[in-house]
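Presented below, as structure tokens, is a lone chain in the form predicted on its own.
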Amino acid sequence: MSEKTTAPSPAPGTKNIKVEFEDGIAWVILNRPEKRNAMSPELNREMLGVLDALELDDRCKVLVLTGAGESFSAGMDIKEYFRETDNATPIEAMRVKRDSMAWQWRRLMFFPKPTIAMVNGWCFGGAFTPMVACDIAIAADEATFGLSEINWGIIPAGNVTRAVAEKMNTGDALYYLMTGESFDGKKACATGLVKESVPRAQLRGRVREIAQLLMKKNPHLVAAIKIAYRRVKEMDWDQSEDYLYAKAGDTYASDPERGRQKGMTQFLDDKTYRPGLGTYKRGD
């Protein structure tokens, strides 16, 4: 097993977030286990700094978001988040909400490196947003998901409902939004909310396998593909065609690895690999 070390904090003041580096993987751990890793305004501000640091940190090839202990995250910290904004001025409330949304979907969704949500346990309400913003979500069979807002008199706001609509099929989405009933990892996979569900004992190993697969690919192309996918979902077909031709040209021209040239040469001229069966040889 690879040696795992807790790296120095990649950003100042991250007492609520722990980062561990392991063979190119940055395990970003929400670290409030006594609160089921509920996301407070302080944690949200810290996460912005963590993401900024990891974006430039060569130790991070793939980012894995998870939670300490038995929970992924119980969502927004009701006492610290809602009470703080209830008593704040409009500008102060806007700043708290902006910091929350800035990382929970904007920064994660367009983070230039692959992101994986490892849902190890309790995942409720506001936690759906960063989970869906990650490129891939893998859950433990034993994880518990819930949209319980209906049970205490609010709607799933902060883009939670938008996150649910992005991934879950309509019938399941409306059922769980309107009933507040909880469900496990297997059901989350069946609804499309997560990519896979595996026994908790196998979860970290499976996430590591996916991260290692992603790290074999050209990182410049991986970043371009994920961003292109996010953009074209909001375009019509004609806009998408124009955008993708332009995006492709820019990607090939700026790729330090010259992946397109290598791939074409190795496939068409050298006949040393088949694109459907693996990746081109990335070395010089």
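Since this is a predicted model, take the numbers as computed values, not measurements. The numbering used is simple: start at 1 and walk along the sequence shown.
One more form of this protein exists, namely the form predicted together with a small molecule; it is left out here, but the text below deals with it.
- In the predicted complex, every residue of the candidate spot (35, 70 and 148) has a heavy atom lying within 4.5 Å of the small molecule.
- Between the small molecule and the residues 122, 183, 111, 105, the one pair within 4.5 Å by heavy atoms in the predicted complex involves 122.
- Of the residues given (101, 165, 78, 94), 78 alone sits with a heavy atom within 4.5 Å of the small molecule in the predicted complex.
- Residue contact check for residue 74: one or more of its heavy atoms lie within 4.5 Å of the small molecule in the predicted complex.
- The shortest heavy atom separation between residue 130 and the small molecule in the predicted complex exceeds 4.5 Å.
- Across the options 248-256, 54-62, 35-43, 225-233, residues that bring heavy atoms within 4.5 Å of the small molecule in the predicted complex belong to 35-43.
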